[in-house]
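Here you get one chain, nothing else, as structure tokens; it is the form predicted on its own.
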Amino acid sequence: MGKVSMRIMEVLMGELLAREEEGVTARTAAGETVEIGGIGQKRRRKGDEEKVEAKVDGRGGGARTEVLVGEQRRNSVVRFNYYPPCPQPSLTLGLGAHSDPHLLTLLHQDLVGGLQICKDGLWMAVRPMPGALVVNIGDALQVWSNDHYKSVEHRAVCNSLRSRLSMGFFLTPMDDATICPLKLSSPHYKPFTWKEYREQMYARRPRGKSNLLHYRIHDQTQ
């Protein structure tokens, strides 16, 4: 699961870095090398401005991902969720509405179903597909991408007749990793460490996507 999740991150970050590279200019000394988001950027002189050339290796965003997550992915976890039958499922939830704080969640659910996501204020069922995984964007990746990728608010509903089992893998940053937007201009969030975010999340408890608001720069729009 670690290998699969890291490959997904490489694809997502490679696409994001390619978008960030387009049209970026700066007034710096010719030939200066700077670090943007942990990826080397070489600037080439062009008149009074210099164009940025990203030095991204063949793994796309893999180099930056390894810096944030760590090669061994020691903090990542697998969680098993068991939901017994509930005689009155309309009166409770198996799991309340929240977004995952991590980078990515890879979820395998059985054929009973029960996962719902919130889209445009409406709750929609995610129907199980045999042999498929559900991939959820987490809060850390939303911040890292400066809202280009959005974490998903979701919940689990109960079934009155059948029990349900789900298995989730959570790709988690290292404790001392700094979570901040790769885009240095107009960042939507203040920098924070993963340990700091995790501790304030557990103190406040997950409620929708409210944990992100604590670090959001409020003159930006969602």
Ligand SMILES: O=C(O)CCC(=O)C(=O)O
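Numbering starts at 1 and runs along the sequence shown. All values reported here derive from a predicted model rather than from experimental measurement.
Note that the form predicted in complex with the named molecule isn't included here; everything after this is about it.
message: At 4.5 Å between heavy atoms, only one of the stretches 141-149, 99-107, 84-92, 117-125 reaches the named molecule in the predicted bound form; which one is it?
response: Of the stretches listed, the one contacting the partner is 99-107.
query: Heavy atoms within 4.5 Å of the named molecule in the predicted bound form: does Phe170 have any?
result: Yes - in the predicted bound form, heavy atoms of Phe170 and the named molecule come within 4.5 Å of each other.
message: Is Ala156 part of the interface with the named molecule in the predicted bound form - any heavy atom within 4.5 Å?
response: Residue-level check for Ala156: yes, a contact with the named molecule.
- prompt: For Arg164, is any heavy atom within 4.5 Å of the named molecule in the predicted bound form, or not?
  reply: Taking the distances in the predicted bound form, the answer for Arg164 is yes, it comes within 4.5 Å of the named molecule.
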